[in-house]
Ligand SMILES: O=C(O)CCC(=O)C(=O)O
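Form predicted alone, single chain, as structure tokens, below.
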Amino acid sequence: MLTTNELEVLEKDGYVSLGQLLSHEQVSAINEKINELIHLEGKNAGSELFESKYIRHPKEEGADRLADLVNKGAIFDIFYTHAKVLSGITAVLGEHFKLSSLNYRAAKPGLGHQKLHVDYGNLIADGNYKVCNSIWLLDDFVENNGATRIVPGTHKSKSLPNEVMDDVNLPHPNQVLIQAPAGSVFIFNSHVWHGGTTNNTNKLRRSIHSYFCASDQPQQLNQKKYITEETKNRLDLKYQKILDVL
């Protein structure tokens, strides 16, 4: 499903834009559902994420979170079943992978900054990639609203950010910002150096991350523990396998 050029960019830079995979109507419906969940869950929003021993980041005060979206409505199925996204994940991880977690993150006004990091326990991949992410933009990502920063090519680095930078919170000279309209989707090899930036606007900057790992790795969220019969019954066996709930 990915073009030759898209595959080459993903391999070389560690990330690639897949274009706008969600329509304006889909983005609006997803944001409406998220607002309902945020109101319903209140202070417990995202609690599933931070209960897991495999989460690499502590609870963020600078961002709103939701977790376990797999079980919170069929509207979220597209985030781990879209053929083009799965093709991109396969290009990084090979044929044997599973969904690690499906979460919502919204950088709050004046907040949201993250240090440059990788998503594999601060270990170097050495070409054997174990984790890969897709970020689905639910707002336009622009220069000043907390867009994700990525340092192209660093998925092939023999060093980690904190080993070569004096301060991993500062901008990297080679970093780029993901900037694209709402509905766009980016695949990025999670061994590439990346992090959120500060949202310098007065509105949330919203996104959903469908995060995948190699089959031999633990999931951030144990899908077998959380899967509901309602969710399982609506999914083809192919997608149950991706969730690792068979």
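Predicted model, so just to flag it, every value in this text is computed and none were measured. One rule holds for the numbers: they count along the sequence shown, beginning at 1.
The form predicted in complex with the named molecule exists for this protein as well; it is not shown, and the discussion that follows is about that form.
**Study point:** Three-residue site Arg105, Thr148 and Gly195 fully in contact with the named molecule in the model of the complex at 4.5 Å by heavy atom
**Key:** Each of the three qualifies.
**Study point:** His117, heavy atom within 4.5 angstroms of the named molecule in the model of the complex
**Key:** His117: contacts the named molecule in the model of the complex.
Exercise for review: Classify Ile135 as contacting or not contacting the named molecule in the model of the complex by the rule of any non-hydrogen atom within 4.5 angstroms, answering yes or no.
Suggested key: It does: once the named molecule is placed as it appears in the model of the complex, Ile135 has a heavy atom within 4.5 Å of it.
Point to revise | Touches the named molecule in the model of the complex: Lys33 (any heavy atom, 4.5 Å) | key: Close contact is absent here: in the model of the complex, Lys33 is far from the named molecule, nothing within 4.5 Å, heavy atoms only.
Exercise for review: Please run the contact check for His191 against the named molecule in the model of the complex: heavy atoms, 4.5 angstroms, yes or no?
Suggested key: Residue-level check for His191: no, no contact with the named molecule.
Check your understanding: Tell me which of 153-161, 117-125, 69-77, 94-102 has residues with heavy atoms within 4.5 angstroms of the named molecule in the model of the complex?
Key -> It is the stretch 117-125.
Review point. What are the residues of 204-221, in order along the chain, with a heavy atom within 4.5 Å of the named molecule in the model of the complex?
Key: Residues within 4.5 Å: Arg205, Ser207, His209.
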